[in-house]
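The data below hold one chain only, encoded as structure tokens and taken in the form predicted on its own.
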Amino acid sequence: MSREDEYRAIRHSAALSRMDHVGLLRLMGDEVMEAVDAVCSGDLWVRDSRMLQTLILDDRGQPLADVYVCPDDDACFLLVEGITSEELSALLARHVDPELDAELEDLRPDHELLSVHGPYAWEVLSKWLTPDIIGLPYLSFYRFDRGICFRAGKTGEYGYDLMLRSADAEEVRGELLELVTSLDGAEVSLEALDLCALENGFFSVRHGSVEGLTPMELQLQWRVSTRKRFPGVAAMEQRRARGIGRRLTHFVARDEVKSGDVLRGPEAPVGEVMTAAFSPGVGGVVGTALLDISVAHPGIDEFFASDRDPASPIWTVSSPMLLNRSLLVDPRRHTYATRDGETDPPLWQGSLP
């Protein structure tokens, strides 16, 4: 299946994906939130059965992991991208008070994670699981007989992550794939999910190197507490006091742009491309660049890659870049079968420079 077919499934119908890149862990004990709080950069103001997105930083203040924290009574589920369970265990051993009642368990040997994304992902889950799933709020989770449904996703569309017992995973995958394909959807790759996340401004540990970058440059300060101590906090304080010289900014371009390309303005270099990919929704390249702070804002169309034709500019934009279909779909009155009765505006509302 082509990348464009995968993209269409995510953006216009429903898509199934294996989430083998996500670590599944659980902390058990009476003081699990204190243990998680010791290693995460954000304030963990989150209730049971809800989810909070935060970071784990290294000692230089650079993001090591992208983490969902999911409290559940006397336990806490962690969905982790960027580090292994062994690396997380070592971090906990290094930074958590050993007297705290908290024990880490790697759920991966006995569990798998499948996900369903798209403007009609809710229709798939309502048929497979329960119609009540339609009312599950974003960043919350729901227990059922074969696992847990996490209402999350980073594509900008409806998204559901299903943690399942390994013994059930293949059977469930077959059932979900049948429902997905009945809506003209498909099973999609991690690369397709990452492209959709990029279009919607979601941080990903796979969207370029973070070497030398803190949440300040990456526009992730909303995930960083100013009230507590955590790994990397000293580096963050130093960077905050010194200020930053560049900042992550989204862009679109008509012609090819690659990670690592130097961007020039009318007179001098202004930054470097961090990640870039062709977007069928935009009809051109979308990406992020680290730009000098004086020009790191949307609405500039006078940059170009240093070895490209200056007549093919790069245009800085705000994210999300698209008018996602999920914003226009109401599960109370829409279905995939009746979609042709609706006239939707284009995904990309802009024009390429």
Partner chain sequence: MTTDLSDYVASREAILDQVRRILRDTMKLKIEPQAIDPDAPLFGTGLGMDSVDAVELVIQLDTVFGLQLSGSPEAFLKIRSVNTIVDAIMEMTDES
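Positions refer to the first chain, counted from 1. Every value quoted in this text rests on a predicted model; they were computed, and no experiment measured them.
Not pictured, yet referred to below: the form predicted in complex with the partner chain.
Colleague: Can you check 102-110, 174-182, 89-97, 262-270 and let me know which stretch has heavy atoms within 4.5 Å of the partner chain in the model of the complex?
Modeller: Among the listed stretches, the partner-contacting one is 262-270.
Colleague: To verify the annotation, which of these, T130, Q221, T84, S166, has a non-hydrogen atom within 4.5 Å of the partner chain in the model of the complex?
Modeller: Only one listed residue qualifies here, and that residue is Q221.
Colleague: Among the candidate residues S49, S312, S306, S318, which is the single one with a non-hydrogen atom no more than 4.5 Å from the partner chain in the model of the complex?
Modeller: Checked against the cut-off, the match is S318.
Colleague: Does each of H297, N324 and L328 have at least one heavy atom within 4.5 Å of the partner chain in the model of the complex?
Modeller: Checked in the model of the complex: all three residues contact the partner chain.
Colleague: Would N200 count as a contact of the partner chain in the model of the complex, using a 4.5 angstroms cut-off between non-hydrogen atoms?
Modeller: Within the cut-off, so yes.
Colleague: Any of the heavy atoms of Y138 lying within 4.5 Å of the partner chain in the model of the complex?
Modeller: Residue-level check for Y138: yes, a contact with the partner chain.
Colleague: Might H250 be said to contact the partner chain in the model of the complex, defining contact as any heavy atom within 4.5 Å?
Modeller: H250: yes, in contact with the partner chain in the model of the complex.
Colleague: Could you tell me if Q62 has a non-hydrogen atom within 4.5 Å of the partner chain in the model of the complex?
Modeller: No, Q62 sits far enough from the partner chain in the model of the complex that none of its heavy atoms falls within 4.5 Å.
Colleague: What residues, if any, in 32-58 have a non-hydrogen atom within 4.5 angstroms of the partner chain in the model of the complex?
Modeller: Stretch hits: a single one, Q53.
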